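Let's start with one chain on its own, the form predicted alone, as structure tokens.
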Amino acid sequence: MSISTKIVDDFVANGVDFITTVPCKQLAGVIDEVEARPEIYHIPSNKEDEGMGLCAGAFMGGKRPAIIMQNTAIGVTINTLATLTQYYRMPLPMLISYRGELREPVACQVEMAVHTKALLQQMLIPTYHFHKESDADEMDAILKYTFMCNKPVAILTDASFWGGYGDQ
């Protein structure tokens, strides 16, 4: 079983039936898996804050939403996270590719990586960081935690989790 299949299986097992995604090279396998699942209503988003609005609407409509995005967009989602998702106590699993660490080939990605964890910590958003494939064994428990406590939860997945940047 691929890691993308395992992650989406855990979403489905936890009742996640609405997922919005923003294009990302590292998350492409998960996005393809989401698109192939009839149990999940998949709506691609143009921007991450737009996706959070879609998730809020889905939640208010009785769905269990999740968002799949890149960490470089954390900055543009802060207001939406604070004034919508956290204010109304909406559970929102956020599967986030974490760009900008060692071996990152794109310099501008490094700047947001420096701020990502600090911003999530400042927002009091529980954050988990997957470095190796076996870390995904925690996915089911993280999803249960997210829906139990009605909070957004960040799951950061770095390049080593997805097999590197292609040079390793």
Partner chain sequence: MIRSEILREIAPILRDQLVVCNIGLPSQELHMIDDQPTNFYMLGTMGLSSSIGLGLALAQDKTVISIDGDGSVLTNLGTLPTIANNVADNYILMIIDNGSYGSTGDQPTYAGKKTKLEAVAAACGCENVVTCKDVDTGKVLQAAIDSKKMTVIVVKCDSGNIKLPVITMDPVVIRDRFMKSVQA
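Numbering follows the first chain given and starts at 1. This is a predicted model, so every value here is computed, not measured.
What follows is about the form predicted in complex with its partner chain, which we do not show.
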Inset, instruction - Evaluate Pro126 for contact with its partner chain in the predicted complex, applying a 4.5 angstroms cut-off between non-hydrogen atoms, and reply yes or no. - result: no
Inset, instruction - Would you please decide whether Glu50 lies within 4.5 angstroms of its partner chain in the predicted complex, comparing each non-hydrogen atom pair? - result: yes
Inset, instruction - Find out whether any non-hydrogen atom of Ile43 is located within 4.5 angstroms of its partner chain in the predicted complex, and reply yes or no. - result: yes
Inset, instruction - Would you please decide whether Leu54 lies within 4.5 angstroms of its partner chain in the predicted complex, comparing each non-hydrogen atom pair? - result: yes
Legend entry - Heavy atom within 4.5 Å of its partner chain in the predicted complex - the one residue of Val110, Ala28, Met60, Ala141 that qualifies: Met60
Inset, instruction - Name the stretch: of 61 to 69, 101 to 109, 130 to 138, 117 to 125, exactly one has residues whose heavy atoms fall within 4.5 Å of its partner chain in the predicted complex. - result: 61 to 69
Legend entry - Triplet Phe18, Thr80 and Tyr88 all within 4.5 Å of its partner chain in the predicted complex via a heavy atom: yes
Inset, instruction - Would you mind checking 142 to 161 for residues with a heavy atom within 4.5 Å of its partner chain in the predicted complex? - result: Asn150
